[in-house]
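The data below hold one chain only, encoded as structure tokens and taken in the form predicted alone.
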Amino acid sequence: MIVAERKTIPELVDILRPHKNILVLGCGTCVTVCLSGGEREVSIISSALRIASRVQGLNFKIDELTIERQCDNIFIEQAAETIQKADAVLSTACGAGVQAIAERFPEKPVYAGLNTTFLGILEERGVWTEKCAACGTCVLHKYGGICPITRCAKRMMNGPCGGSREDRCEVRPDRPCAWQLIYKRLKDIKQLERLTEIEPPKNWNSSLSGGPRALIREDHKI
């Protein structure tokens, strides 16, 4: 899941200050799950912006709308008429959703209401943790389903580093050592022999280091 957090209301007021008719556009998928950009959050942000507008004399006129996914043209179409009526759009989607709206409506100012943070999971109530760096070449099968790129502070592909203390990472003592987790997991599934295989240096061309990426499925193209 894509995890994001809301920008502060003062930040949003500064971003929107030049505009009057503003659409706060929510996304009903990932950012809804992480309590940042769904219908409920759109309502909270809109109410806060209305209050700030009255206090600062900005005369914002705020409309609210939430669609299922801002990264999908089928759902964007549902918001097209409302978007066209607005002076600007404050998107509470991830960065991909913001850019999808901006590309579809090139004449319309579209602003990000959230800071897109990482790909992660809900660890416990109110706590999301990063689990995937979207590096483009998944190696989870070699490490018992535990990613050394996101879970190891040093991104070591052949660990451990030897600096952990009592199963805790020496860089982030509040976190478990990823290689201790990998060792235990491989031992539990009887695949410890994987640790004798030397993993070559990672090719980062498939990650963001190689520039913007695209996934093309010829079997789905029309």
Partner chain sequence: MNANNSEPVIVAFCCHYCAYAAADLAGSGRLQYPPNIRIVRSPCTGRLEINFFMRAFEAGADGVLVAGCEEGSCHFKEGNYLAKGRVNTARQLLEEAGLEPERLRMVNVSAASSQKFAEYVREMVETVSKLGPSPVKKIIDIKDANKEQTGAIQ
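Everything quoted here is computed from the prediction, not taken from an experiment. Residue numbers count along the first chain shown, from 1.
One more form of this protein should be noted, the form predicted together with its partner chain, which is absent from this view; the next part is about it.
The candidate spot formed by 8, 43 and 48 is fully in contact with its partner chain in the predicted complex: every one of the three has a heavy atom within 4.5 Å. Annotated contact segment (heavy atom within 4.5 Å of its partner chain in the predicted complex): 50-58, selected among 163-171, 178-186, 50-58, 191-199. Contact between residue 64 and its partner chain in the predicted complex is found at the 4.5 Å heavy atom cutoff.
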